[in-house]
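Heads up, the chain below is alone and in the form predicted alone; it's given as structure tokens.
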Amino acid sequence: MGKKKFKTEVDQLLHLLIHSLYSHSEIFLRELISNSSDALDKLKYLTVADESYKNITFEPRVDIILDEENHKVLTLSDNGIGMNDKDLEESLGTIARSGTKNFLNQLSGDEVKDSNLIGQFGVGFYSVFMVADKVEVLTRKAGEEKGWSWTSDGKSGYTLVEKEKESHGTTVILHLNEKGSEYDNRWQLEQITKKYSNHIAFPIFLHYESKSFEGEGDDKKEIKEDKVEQINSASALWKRSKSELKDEDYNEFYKTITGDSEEPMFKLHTRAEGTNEYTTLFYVPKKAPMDMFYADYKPGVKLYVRRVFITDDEKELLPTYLRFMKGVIDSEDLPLNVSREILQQNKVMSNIKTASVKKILSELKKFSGDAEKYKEFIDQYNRPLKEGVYSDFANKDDLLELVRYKSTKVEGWTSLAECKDRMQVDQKGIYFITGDNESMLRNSPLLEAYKSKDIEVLIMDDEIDEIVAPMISTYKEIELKAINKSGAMDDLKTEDDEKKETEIKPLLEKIKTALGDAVKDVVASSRLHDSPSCIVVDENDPTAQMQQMLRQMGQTEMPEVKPILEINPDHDIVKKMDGSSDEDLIKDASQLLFDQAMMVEGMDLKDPAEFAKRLNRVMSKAL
């Protein structure tokens, strides 16, 4: 096959790794061991679940070999599943996941100083080029006869050729550069392995040359001896008792399975016995995974059956809205040969999933008691939780205790429970306003009546709120009401408001005639104090923002939803219009009131040029 070029995105990644993550070079060993562990997991599963692999002699292990004669060479080998030529090209010649490509396109070397990049996108192999100026991967796939060699300097592409290899597995040979020479050291390799990979579930052996001296004086001789030592604990941490584990044990294991350089925000270790026997160990990262909102996000939970790895690519192990969770599920009851299709319909797995979600939400509720720490969680994961409110009806009540919103009453985040506690004695509902711009929402004329009566309004400026908020409907028997809907003000309407509406009814009719079919209705407003007009939608119609979202989602053939224009009877402009006999002026003023109300809500004017002409005419008459 010969010489080949890297794909463009690999060139980008190598540049970022070498120039921006240089100080994190030790993670190359963590990433190579992690890759070996994955390869061993896959073959271990096949030897118990697939008849064609059951005759393979397999004692899983990872070997790190120091070349004492040539101090520039470091070798890491495993006897896992191995790769063929196609696997090598897909794994080491390109980055298949579109999310990675999209992310890399948004970055430059100066912006990336965080080694999390590597673990986030599963491209850790390329970190070897921080410490080596030449790398050879010699590999043979289990069950196949041909071996393959992949060689690269990390700059000019790679060479892929057929090469004999005695057994299945993968050997990575690093020709260390000046930076990498610091890892040509037994103590350094052992320390890094214990730091990042102590809890890899397979033994890791370090091969090195031991030197000692015998005799004294002129008879003193140097004795060299080849030694092999296991340098990790090789135990499944999640199966150990919580009482014997320290925070540092949990944190090291988290870093091993995620590639994250930071400690987790939150952990949850559970062992269930009874009808279903299983163990779970879940973590919440301090920072949301960078691919959290990509359609091809990488699931963070690994499934084991009796310590045998089954899959780390199953998105159904937890609900989609908990896709940020990392960790392990280990079942004693599932069959080892469980397929993806069976997994999705399996009653045992369904029970584990249901119980795990309940436990996670329950523990997050406890975690929310620490306001400062919970704010860090909400800053990262509020939106996925809102997805859960929409999609997980069974856990909706628990999720409503966890989501947070901004408010006209308090700084920062607030809960629905806190908002309910602050309600006025005669308040009829919890009020909210949705949109995509916090500043615009806080200055909306729709808030005027609520501010004047000191009534709290929740500010929902996440676009997902447009979809989720209407689904909440009630919180502990208190109705949630959108103030950009026509019916929300019915609670605050007084006899005086009704009287004013009767008095300016003739003007309302004139305005409605002037605007024609641009509006659904024109009514007197009881919500406005300082502004002359605002727009709302009918109680059963989607808001302007929702209409815009639906169009972006491809629903171009939906019927046009017309807004309701509300007029402030107490405003000077409206009073002057009511007393004017100039029909042309009333017509222009009516359109201007409508246009400015649309602009305040962030809507585009259909005809800006006509708006300017109309404004000029009115200004000319006023002057």
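Under this definition, the rigid core comprises the largest set of C-alpha atoms superposing within 1.5 Å between the forms. Heads up: residue numbers just count along the shown sequence, starting at 1. Bear in mind that the values here come from a model prediction, so they are computed numbers and not experimental data.
In what follows, reference is made to the form predicted in complex with a small molecule, a form of this protein that is not presented.
Segments offered: 531-539, 227-235, 263-271, 73-81. Contacting the small molecule in the predicted complex at heavy atom distances within 4.5 Å is 73-81. A residue is said to contact a partner when one of its heavy atoms sits within 4.5 Å of a partner heavy atom; Gly124 meets this definition for the small molecule in the predicted complex. Remark: Asn35 counts among the residues lining the small molecule in the predicted complex, judged by a heavy atom distance of 4.5 Å or less. Taking the partner from the other structure, the small molecule in the predicted complex has a heavy atom within 4.5 Å of a heavy atom of Thr170. Among heavy atoms of Asn395, none comes within 4.5 Å of the small molecule in the predicted complex. When the small molecule is considered in the predicted complex, only one residue from Ser407, Thr193, Ser444, Ser91 comes within 4.5 Å through any heavy atom, namely Ser91. When two forms of a protein are overlaid on their rigid core, residues whose CA moves 2 Å or more are considered shifted, and Lys86 is one of them between the shown form and the other one. After superposition on the rigid core, displacement of the C-alpha of Trp150 between the shown form and the other one amounts to 2 Å or more.
After superposition on the rigid core, the Cα atom of Ser525 is displaced by less than 2 Å between the shown form and the other one.
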